[in-house]
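Let's start with one chain on its own, the form predicted on its own, as structure tokens.
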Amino acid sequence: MALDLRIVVGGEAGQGAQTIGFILAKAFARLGCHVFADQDYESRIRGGHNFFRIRVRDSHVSAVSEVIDILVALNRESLSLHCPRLGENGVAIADMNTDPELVRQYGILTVPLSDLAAEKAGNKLMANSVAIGSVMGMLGFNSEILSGVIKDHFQSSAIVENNIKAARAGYDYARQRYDRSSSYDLSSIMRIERMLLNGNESVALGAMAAGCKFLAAYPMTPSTPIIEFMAANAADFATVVIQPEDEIAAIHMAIGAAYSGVRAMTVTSGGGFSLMVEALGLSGMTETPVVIVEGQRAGPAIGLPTRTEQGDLLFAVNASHGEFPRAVFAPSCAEDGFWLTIKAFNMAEKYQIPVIVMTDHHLASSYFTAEKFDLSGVYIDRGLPLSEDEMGKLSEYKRHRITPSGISPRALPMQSHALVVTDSDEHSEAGHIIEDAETRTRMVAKRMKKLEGLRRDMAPPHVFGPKTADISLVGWGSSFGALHEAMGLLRQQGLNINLVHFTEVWPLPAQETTDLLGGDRKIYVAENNATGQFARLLNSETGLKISGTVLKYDGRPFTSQYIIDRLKGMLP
């Protein structure tokens, strides 16, 4: 039987649900399992319900499930909220002092978490390690692997030893009283070394692999960990990381750095991106390459700052006054986050445009197992830079020279005796301010000409399932995992359906998309917003008729069952 284990750790903020969940996810990954894990937490510092979901399989996984096999409940609220979703053979683990009525109602496995921690480790605060051990004991997990993960997580030797003792106590207790190792055979898992990383980490790694040397950003959930990750590794990669006074300063600093010739980036969320919009136009007018990571969260205003949504797509595509080309990418998983960030830097410099990488809270904070990135596949494209020799032969340099492609050969300030001039006003080819209608028309046409090449460089959507399916499920960005699983389950039920999924969203590869989705098939678009933004974009760019939309805008990500339930209600 295929392995599909679903674990939830729930508790009040500050009780350690995230720590327990991460250590469990890391342990399963080290065993060789495929792991997907996501976090749900409230924006308050203390109080409020938090939970961490882990899904463990012997094949690829990138979506959560609504069914729970093992629940670790750190408080009563976790039991009442999550026990109703326990599967047929599901079990909840709770402390020994849990309400006896709840124990009878849900068949809870009570473990003296605090008492075992005090007895074996001398500290009740290590009850979380007892809980970790209890889960692993139930499953007959390799205890040496568990000890190794705990050693990696806790740095102090004294803390390490005591936490291992606490985990071992929970392991033995659960092993003796509730052995479920026969239900989830972990012995056959291949010990394949994989990374466990979240979307933010993959984007940061992609930026560093692409040669990003300057990051200016103001902290804003869910993108803040990118700043922290790059700052922690700045010395090793010769990267400058700066936190200025606000998002307006951040993007202007990134544009300034890019103008001088370094690869530069800023990261933010929807509210911060709103402040950056005027400077986005500065990048477009001066043709200065810059990469912007926009981590979507539920809005408007503060909205749900620690929840997810795909509500900023049309904003990103159309942001800023006036017209100028830009590219918009939306990674579907951690691996996509790495490679698309590299491509974002290449496209920004090749076309001398801003490129927006759209993540969201779900992708940014979720953990994926992934094979080690093959760095031999990293390719750096710096566009049309002029060499010192080429600059030396020029009597005059025109920063915005009109070319058939719309891309002007790029020189850097102080590269030679020739001046590099540009302006945020409309300007001539030489970069000087103009007012006449003829030059204005020529310069707008020059910049928009880049769209022709840009469209050719945009990858078409990925197709999963038969290309000739009667029904196409369409999505973009982080919804991929749930959509792919839903498509597979519906095919098992006899539905002739495929999945067409977009990660390179704008400019939309219209012809390739029409070829894939044209004809008499039914098209259903699923996205985490209230207005079907991608469905509208798809229709406006291709003329394709959208048969229906599956929308979710409660701040929580899709599950495959949610998609199936809504889709079946629309099918003829």
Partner chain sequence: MTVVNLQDYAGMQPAWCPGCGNFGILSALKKALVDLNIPPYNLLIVSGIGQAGKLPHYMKCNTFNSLHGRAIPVAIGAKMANQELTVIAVGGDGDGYAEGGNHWIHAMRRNHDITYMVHNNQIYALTKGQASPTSDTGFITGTTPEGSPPQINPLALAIAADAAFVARGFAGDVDHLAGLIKQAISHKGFALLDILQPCVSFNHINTYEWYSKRVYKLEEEKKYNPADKTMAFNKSIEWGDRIPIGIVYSKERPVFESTLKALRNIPLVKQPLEPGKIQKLLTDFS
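Residue numbers count along the first chain shown, from 1. Nothing here was measured: the structure is a model prediction, and the numbers come from that model.
Not on display, but discussed next: the form predicted together with the partner chain.
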Original post:
Any chance N123 has a heavy atom within 4.5 Å of the partner chain in the model of the complex?
Top reply: no
Notebook entry, point to check: Does H34 make contact with the partner chain in the model of the complex, using a 4.5 Å heavy atom cut-off?
Noted result: no
Taking the partner chain as it sits in the model of the complex, is P413 near enough to touch it, meaning that at least one heavy atom pair lies within 4.5 angstroms?
yes
Flag R30 as yes or no: does it have a non-hydrogen atom within 4.5 angstroms of any non-hydrogen atom of the partner chain in the model of the complex? yes
With the partner omitted here, the residue among G90, P244, G271, P409 that in the model of the complex has a heavy atom within 4.5 Å of the partner chain is P244
Answer key: of I471, A249, L451, I159, within 4.5 Å of the partner chain in the model of the complex (heavy atoms) is A249
For the partner chain in the model of the complex, the stretch among 451-459, 378-386, 167-175, 126-134 with residues bearing a heavy atom within 4.5 Å is 378-386
* Asked: the partner chain in the model of the complex: within 4.5 Å of a heavy atom of each of A234, E278 and L282?
  -> yes
Those residues of 407-445 with a non-hydrogen atom no more than 4.5 Å from the partner chain in the model of the complex are L412, P413, M414, S416, H417, A418, L419, V420, V421, T422, D423, S424, D425, G431, H432, I433
